[in-house]
Every structure is written in structure tokens, then in C-alpha cells.
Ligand SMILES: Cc1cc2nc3c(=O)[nH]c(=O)nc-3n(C[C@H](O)[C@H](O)[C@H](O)COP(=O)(O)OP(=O)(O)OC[C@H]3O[C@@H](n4cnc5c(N)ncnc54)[C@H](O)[C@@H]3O)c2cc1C
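Okay, here we've got a single chain as C-alpha cells, the form predicted on its own, with questions on binding and movement later.
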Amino acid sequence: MTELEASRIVEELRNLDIGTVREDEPLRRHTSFKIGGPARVFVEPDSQSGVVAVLQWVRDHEVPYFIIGQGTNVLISDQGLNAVVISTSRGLKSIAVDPPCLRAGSGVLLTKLSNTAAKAGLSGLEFAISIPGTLGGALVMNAGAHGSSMVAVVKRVTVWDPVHGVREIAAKEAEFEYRQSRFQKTPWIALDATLELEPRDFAAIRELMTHHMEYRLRSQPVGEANAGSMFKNPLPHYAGQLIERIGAKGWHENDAEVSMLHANFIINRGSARAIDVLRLMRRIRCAVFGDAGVILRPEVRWIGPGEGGTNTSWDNLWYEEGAGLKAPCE
């Protein structure tokens, strides 16, 4: 996408009158890591219909795109994205309670969703109180904590399918697995989801949520710029324990540093770049492989140049930045 093409796209998207449209928007402003180069075109629709209108427009014009919520669990290239980046932070924020179910837009924060369920006396989302990010991101990653995950509560998902448009799928069609889902393999976009919960006493729900939050505050670098867990747990092992065993706490590449509180977190001390994080991840991966013979797989999603609406496998890619994770110590 050239500068001239970007300017034309911005003009045409503004003509749709669906929300904010900006050119060369720094994505570090929209990620929890505070890392990421510019989006050639950044769109923030005001409604679900606006989100769908943009998706249909980029499909019809064969323009590369990427969806972003609160920007957690992602590491965006320093080069940015030569694509239309569509934010769901305003357009997909509806919540409707119909006990024992709760239907919410993909842009709703998990913390808000958990609290809403609790107030309605519905149990099943207590684990989500300690997970930063949105429902949409949680569906993509089958996010989980404290022994539970999204697969336990999702009943239906409304998706935008570039072939069939907006439609509803059953939870089994999402193919949820450990930190995986069909959303990572297909160009479907989750618009909202219906969650099936269980009635329970509010006090009991609140007690469990408080316990989970206190644990998170004790064990994770809350309040510091990070993207959540960097590596998946290579069961039966735990990534954090393997990384701590090699003495990696405090390791750093410029302003990217392994958290002293939890070894599976990398924090941005202020001006870390994606290349710094990649190099640090590679160093950790190599050391863990040498120590335990275990290959750590990234949990955080890499978003790089030319990716558009796809999800490239970390393990089959050498990044242009020169610090890829193709092999543990290559």
C-alpha cells in the first residue's frame, strides 16, 4: 500500500461514516506492551455494523487488514503494519444478561465481563477477572487462568466470515484447544459471543474473584507494560519455572527485561522495541532448550509486515528484523 493508496483508502473509509479513521497511527498507543510501529490506516468504528462495514470494504477491495482489541497478547513489528488496522474497542462493547446466559461484544474487557456476570449472580467467569484484554482476544487464544478457560463457558459465537458474511456458530465449530482456536487458522472475525454460566451466590463468586486478583497482584507485573505470558506452558512443565531455573529473571535487551516477579513475563522499561523483545525471547528459548531439552512455543502473537488478516506460525518464520524463532538456538 503506497502513501497515495493509503490516502485514498482513508478518504473512502471516512465516507462510510462509521467512526474514526486515521493515517499512520502509532500502534504502541494501542498495545499493552507499548510497542509497535505505525498502522498505515487505523479505523475505530462506533458500532458492530460499522465494524462489519469496514470488514466488507477491505474484503471487496482486497486490502490487507488486522483486527485489534485492547492490544494485549500481541507483539507488533517496529515496522508497523502496511494494512488497515480495525479497532474493536468502541464498536463491540455491548453486554446483555439473560440468565443463565450472557451475550457480549468482542470488544468488552474480560474484567468488566467477569464483574457483570458476578452482579447477575452467574458463575463461570471468575477466572477471567485476572486476565487483561477483551473477549475477542480471549476467544482467539482460548484464554484461561486458575484451571479454567473460555471453552468451558462459550455456547455460541457470532462471526464475520469473508465468504458468508455475519453468521452464528456453535462453540464446537471454534475448535478450542489449549491456547488455540479456529480463529487462528481462518479469516473469521468474532463479533460477539454467548456464554452459558451457572447461578451462584454473589458473595461466593466475589470471594473467588478476589482470591484470583490477589494472586495476580502477588505473582505478575501488574501495572508494568507487558503482553502477558510470553510462552505457552510445555505441559507437564510450566514455562515460568523453566525460565526461572536458568536464572533469566532480570535478563534484558535494552529496555526489554524479564520480570523479576514472574519469569514468563517480559516488561517494557520505557523504550523497548519489538526487536529487543524478539532477541530476548530467542535467548531464553535457547537457554531453556540447552538446560531442559524443551522447546518453548510463543503464546504472544507476532504481528509483522504483510501479515494482514492471517496468523503466521512463529516456528516457520524468519523475521525481517533478524531475530526469528525458527529454531531454539539457530
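So that there is no doubt, residue numbering starts at 1 and follows the sequence shown. Source: prediction; values computed, not measured.
Beyond the structure shown, there is the form predicted together with the ligand, which is absent from this document and is the topic of what follows.
Exactly one listed residue, out of 124, 80, 228, 240, brings a non-hydrogen atom to within 4.5 Å of the ligand in the predicted complex: 228. Checked against the ligand in the predicted complex, the residues 113, 131, 195, 174 give one hit for a heavy atom within 4.5 Å, which is 131. Here the chain stands by itself, but in the predicted complex one stretch of 231-239, 255-263, 141-149, 166-174, 141-149, has heavy atoms within 4.5 Å of the ligand. In the predicted complex, the ligand lies farther than 4.5 Å from every heavy atom of residue 91.
Under a 4.5 angstroms non-hydrogen atom cutoff, the ligand in the predicted complex has residue 301 among its neighbouring residues.
The shortest heavy atom separation between residue 48 and the ligand in the predicted complex exceeds 4.5 Å. When the ligand is considered in the predicted complex, residue 67 lines it closely, a heavy atom lying within 4.5 Å.
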